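What follows is a single chain, given as structure tokens, in the form predicted alone.
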Amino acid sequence: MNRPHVIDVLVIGAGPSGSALAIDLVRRGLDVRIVDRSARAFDGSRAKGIQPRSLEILEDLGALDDVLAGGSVYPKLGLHAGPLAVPWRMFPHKKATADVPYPNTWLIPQFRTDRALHSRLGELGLKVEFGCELTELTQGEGAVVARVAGADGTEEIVARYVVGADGGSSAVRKQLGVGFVGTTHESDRVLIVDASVTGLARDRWHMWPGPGGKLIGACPLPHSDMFQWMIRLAPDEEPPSKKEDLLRRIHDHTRDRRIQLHDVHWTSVFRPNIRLAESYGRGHVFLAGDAAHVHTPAGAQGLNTGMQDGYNLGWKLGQVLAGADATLLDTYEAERQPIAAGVLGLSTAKWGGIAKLDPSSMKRGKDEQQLALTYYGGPLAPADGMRTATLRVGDRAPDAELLRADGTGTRLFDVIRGPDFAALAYGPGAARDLEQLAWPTKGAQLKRLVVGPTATDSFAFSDFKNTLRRAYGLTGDTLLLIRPDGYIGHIATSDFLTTTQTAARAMTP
């Protein structure tokens, strides 16, 4: 009898969370399949804001160029009050700096983000298997059996690990019996419509507030004639479905009959779900993205938080499959669940403020951009560790401008890009100990960077503009270990070799 082929990881759900995870797993050389119950790729605008931290992740995964080409910076708000439209800057537009290369939230409809990720998967040799629905999940000794129904019947897929990134109604979560704690506001509904429009300026995200929390918004979708409409429905209101009824509803609220709808491309009724999974996994099965947490749309947090779930989990799965202690996977929930809880609070407060027409709820800043999120104090970032003037263990590793020994310039992010760890030695003492640092041959490898004030035979890179020293808060010899997901895994300002070796042991085979 032939034994079934056992793959490393089965990803269920091909939205941004599952696709980002699959890219990270495949580039590690793992045997991966990704399935989705939908018949084809998602074709609506839905989640349309990509935050700066997510842009950095997309760059590392190799999907950023397509995302930048398919979007734009956000326009100003145009708040309509009768015949007047008051411009309001929701997002502060910032210039790129050495430590933050992508400082602005990027406007792009979700279907383009999905396609950019799927295209990158294709470049890596993996294709999304659409029309495949999970019907049963069984865990055994060291493997999971997933029964998946498709056009050709039911298939049993055996995987060492399964990740459910299959949305708020996750079949994986239900199979695990994991509670989804929170609320669903059935009476608070928003009709979302992607439609081709004339008679409306495309240089504004238009909003028409009304009494009692009534609201219509229209956001121009880049490189198209479409707007994403958000129409807040009354508790007992039947959502208009025909184009004529939609247009009548818009005219009645906006009082602007110059607006004309043409092709309606996609519609959906959204109910604000505010829920968090009680657990992010059981055994060899994990949850990511909306399967683990769902948010209001305010602040563009859900898609971004989900992609970062996958980015956190991917390298840990790769390390454990290479022989690291399986307790490393326990840190996934320990690090990501508190982040989701905080994001839920932020987006819920913003949503409530919009209903009350609170102008501050329409402002977006560093909290939404997710650059300041940290795992400090978690299982891989103890609070009693060493720190620099600006960074603690668990913080995001900033970018910096460097100069190679041959005089060519580069970015730190360019040097450390990929699925491996990086160790950055600043100063001669740290450089000597980095040379002696032992690293396993299995799993993610280690890129060793030696940086000094000038590039010499001893220092492969120079911090010629002091951008590294400033962003990293370096005041003397320092050895930093950067995790594959771009967070600081260890800081040593003394006893470089011993402390770094100890920190690495918890994350490597």
Ligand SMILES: Cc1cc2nc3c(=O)[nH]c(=O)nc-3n(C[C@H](O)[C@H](O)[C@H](O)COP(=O)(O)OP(=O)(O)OC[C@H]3O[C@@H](n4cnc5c(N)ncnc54)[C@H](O)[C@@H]3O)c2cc1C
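One-based numbering along the sequence shown. Computed from a predicted structure; not experimentally measured.
The form predicted in complex with the named molecule exists for this protein as well; it is not shown, and the discussion that follows is about that form.
Report task. Tell me, out of V197, A218, V393, C132, which residue has a non-hydrogen atom within 4.5 angstroms of the named molecule in the model of the complex. Result -> Contact check passes for C132.
Query raised in the report: Which one, L412, A430, V162, A165, lies within 4.5 Å of the named molecule in the model of the complex by heavy atoms?
Result: Contact with the named molecule in the model of the complex is made by A165 alone.
Query raised in the report: Among 24-32, 469-477, 46-54, 62-70, which stretch sits within 4.5 Å of the named molecule in the model of the complex, heavy atoms only?
Result: Of the stretches listed, the one contacting the partner is 46-54.
Query raised in the report: Is the named molecule close enough to V9, F421 and A504 in the model of the complex that each of the three has a heavy atom within 4.5 Å of it?
Result: Checking in the model of the complex: none of V9, F421 and A504 is within 4.5 Å of the named molecule.
Query raised in the report: in the model of the complex, does I416 have a heavy atom within 4.5 Å of the named molecule?
Result: Contact check for I416: no, nothing within 4.5 Å of the named molecule in the model of the complex.
Query raised in the report: Looking at the partner-bound form in the model of the complex, is G302 within 4.5 Å of the named molecule by any heavy atom?
Result: G302 belongs to the contact set for the named molecule.
Requested in this report: Determine whether any heavy atom of A14 comes within 4.5 Å of a heavy atom of the named molecule in the model of the complex, and answer yes or no.
Outcome: Heavy-atom contact with the named molecule at 4.5 Å: present for A14.
Query - 4.5 angstroms heavy atom contact with the named molecule in the model of the complex for D463 - result: D463: no, not in contact with the named molecule in the model of the complex.
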